[in-house]
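Single chain ahead, written as structure tokens, the form predicted alone.
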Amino acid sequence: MTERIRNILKEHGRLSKDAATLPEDADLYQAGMTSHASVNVMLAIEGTFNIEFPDSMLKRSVFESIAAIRAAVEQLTAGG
């Protein structure tokens, strides 16, 4: 799952650093991701993992790091 998230970040995150080398807890916004890019990341994650983020999860902290994204995806796929 982490590799799939890194690939999505590489393709959609517009990061100034290589997503493959970022620590899982690195702040993606400090690594160059904008709020616009985070929407593209969210849409790609939804498509890749066949999930939909509820409104309650549409906040900066959910997309702040690879670990946070993974935790959100795990939470949303736990029942499926």
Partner chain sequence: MTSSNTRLDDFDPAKFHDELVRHKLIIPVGVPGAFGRNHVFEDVLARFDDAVTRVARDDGAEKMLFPPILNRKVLQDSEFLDSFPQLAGTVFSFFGTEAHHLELQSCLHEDKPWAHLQGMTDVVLIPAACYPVYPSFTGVVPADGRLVDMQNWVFRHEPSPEPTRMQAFRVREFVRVGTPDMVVTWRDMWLQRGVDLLRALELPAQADVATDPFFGRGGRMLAKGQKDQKLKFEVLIPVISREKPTAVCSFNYHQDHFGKIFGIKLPSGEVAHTACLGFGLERVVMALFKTHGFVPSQWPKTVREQLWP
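For clarity, every value in this text was computed on a predicted model and none was experimentally measured. Residue numbers count along the first chain shown, from 1.
The same protein has a further form, the form predicted together with its partner chain, not shown here; the description that follows concerns it.
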{"query": "Contact of I45 with its partner chain in the predicted complex (heavy atom, 4.5 Å)", "finding": "no"}
{"query": "Proximity of R14 to its partner chain in the predicted complex, heavy atoms at 4.5 Å", "finding": "yes"}
{"query": "4.5 Å heavy atom contact, A71 and its partner chain in the predicted complex", "finding": "no"}
{"query": "Heavy atom of S56 within 4.5 Å of its partner chain in the predicted complex", "finding": "yes"}
{"query": "Non-hydrogen atom within 4.5 Å of its partner chain in the predicted complex for each of S38, E52 and R60", "finding": "yes"}
